[in-house]
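Next up: a single chain in structure tokens, the form predicted alone.
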Amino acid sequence: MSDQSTVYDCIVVGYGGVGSASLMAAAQKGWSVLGIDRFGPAHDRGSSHGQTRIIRRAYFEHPNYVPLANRAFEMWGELNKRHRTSLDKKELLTQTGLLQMGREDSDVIQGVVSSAKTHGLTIEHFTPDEIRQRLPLFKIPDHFVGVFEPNAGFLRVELCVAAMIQQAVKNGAELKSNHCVQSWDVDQQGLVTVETNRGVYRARRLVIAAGGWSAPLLGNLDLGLQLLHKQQQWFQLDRVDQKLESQFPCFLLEEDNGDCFYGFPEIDYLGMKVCEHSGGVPVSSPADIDRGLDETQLMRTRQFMREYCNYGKSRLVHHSACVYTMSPDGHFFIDRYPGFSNVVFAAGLSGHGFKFAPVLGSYLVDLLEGNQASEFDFLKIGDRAKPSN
């Protein structure tokens, strides 16, 4: 049961990627902070799981992400130093490089080149023949090109969440797992009350970072969020050059029709992870997802692999459901909740937000202290959403 006489400096609702980062940032400031999650640390019912996430700087979605990505690399590096207290602990960030492929005029290639030019980033250009020679796994059409970002790589997502939560708890944060937030309110004195199915909690400030579970907690904001069910898949192939020790990079490929698939080097017994970034099945709630094998999504991934990869046999070893919380324009929402200076939120990360988690969490805490930064202006609500009547 809750102790309503306790007033925390801050409550964080949800401790997936951004929530755990917010917990860490608030606790490191010396705040008394409470994290509330309907499941628990590093669970597999949201968007912050599935072994790996790509991290990159040359951002094709928008050049404005690049300064945030640069800071993210720094913050992951700082966290990794605190996390790796012994050499046998796996690193949070592995820089394998990232090869992105498609038509020269495709959104991905044009976006990467634009971001790299705007921000002076290092990328390398490859012809189809050069890709085939260096990475014989790929069957690249003659009208495709490749751009390679050598300093990109992947994050071990569950380890990252666990490391941020560990740092938060080390600095005094409390956690309430298996608590479903039912409502929140702010009284005339500015005190926040959060009601859960297992008790009521109070604080001076509130962070809402509930991922696919955000919409009911942002009830009078019409953010236009859409939930998409995605399937992550791991395959064992009858070859070895796709393994991490073979210096195989992460990759992303945009097909002629705009569909995008991405993948990671094989890092363990599960095999090579290959997923579709485009598409997805609309759902009304993460609770509605069928976590069994989605044969349609598997068929699309296998078709992609047959068309663009060289191998004789493949075997599906593992699959996992994931949720994209899409904003209408594909960019995040990170802002104060209208009318309350002590309530902030992040939502609509649209399937590409995890890499920014420590940056977003830190900024949400900064917002609660009244500090704004212009590089986040393009992610504010602005005219992108308006309070509903």
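None of the values given here were measured: they were computed from a predicted structure. Just count from 1 along the sequence shown to find any residue number.
Omitted from view is the form predicted in complex with a small molecule, to which the following refers.
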For the chain shown here without its partner, which stretch in 335 to 343, 66 to 74, 53 to 61, 25 to 33 has non-hydrogen atoms within 4.5 angstroms of the small molecule in the predicted complex?
53 to 61
If the cut-off is 4.5 angstroms on heavy atoms, which of these, 192, 217, 79, 135, is the one near the small molecule in the predicted complex?
217
Does any heavy atom of residue 180 come within 4.5 Å of a heavy atom of the small molecule in the predicted complex?
yes
Please run the contact check for residue 232 against the small molecule in the predicted complex: heavy atoms, 4.5 angstroms, yes or no?
yes
Tell me, yes or no, whether residue 213 is in contact with the small molecule in the predicted complex, where a contact means a heavy atom of each within 4.5 Å.
yes
Against the small molecule in the predicted complex, would residue 322 count as a contact residue? Criterion: heavy atoms within 4.5 Å.
yes
